[in-house]
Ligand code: OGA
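Only one chain is included here, represented as structure tokens and corresponding to the form predicted alone.
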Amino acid sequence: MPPRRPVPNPGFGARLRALMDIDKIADALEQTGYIVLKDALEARLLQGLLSRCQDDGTGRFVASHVGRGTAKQKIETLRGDVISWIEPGDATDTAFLDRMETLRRELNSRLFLGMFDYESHYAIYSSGFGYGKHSDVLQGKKNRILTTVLYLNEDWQPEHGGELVVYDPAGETEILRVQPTFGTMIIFLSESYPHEVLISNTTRRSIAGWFRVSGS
């Protein structure tokens, strides 16, 4: 499990507020439960995150699993990415986590969501893999409040596949399809929207994250 977040540098908060329209995000989450942002973070940070989202064979990236604890298992037919948890020891990771901490505080102040912390990981899907339809809330627990996905794919083309498909709460009707283009971020209510990652025809990179309640 990733460590708890340290106290952020408040200077990053002003940068995030200058880049993101927090009120617009809060309004969208309150009205529809999701929002898609283009160029969600500054270009220099996005390039740094892309450099970090590379599997160099050192063991930093590991095969993903489905479930947690004794129920955790690897099922490539359902989920085929390799992941690396984001931790504050690296300067680029810390910068990203600081911006997400600011977003947590700002949204809590507007929507009273009670979000306590944030966990996130880099994810790399090789060609031919995706992630079947699922919910981000662990069964029997209301632990994740908001999901964020930030895409790190330069020059992504529609024929590359790999879209995120978001469904209605019943999981039956597609309501949104997001191309994983560089700098795009989607934020949505974790409990409300089942989703899947379609099979990618080339390497696909992203950061998945979850704002959680205390004790989760």
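Counting begins at 1, following the sequence as shown. It should be emphasised that the depicted structure is a prediction, and the values quoted were computed from it without experimental measurement.
Keep in mind that the form predicted together with ligand OGA is missing from the display, and what follows is about it.
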| query | finding |
| --- | --- |
| Selected contact from 106, 93, 136, 117, since only one has a non-hydrogen atom within 4.5 angstroms of ligand OGA in the predicted bound form | 136 |
| Segment that reaches ligand OGA in the predicted bound form - one of 27 to 35, 42 to 50, 143 to 151, 168 to 176, heavy atoms within 4.5 Å | 143 to 151 |
| Three-residue site 79, 197 and 210 fully in contact with ligand OGA in the predicted bound form at 4.5 Å by heavy atom | yes |
| Any non-hydrogen atom of residue 164 within 4.5 angstroms of ligand OGA in the predicted bound form | yes |
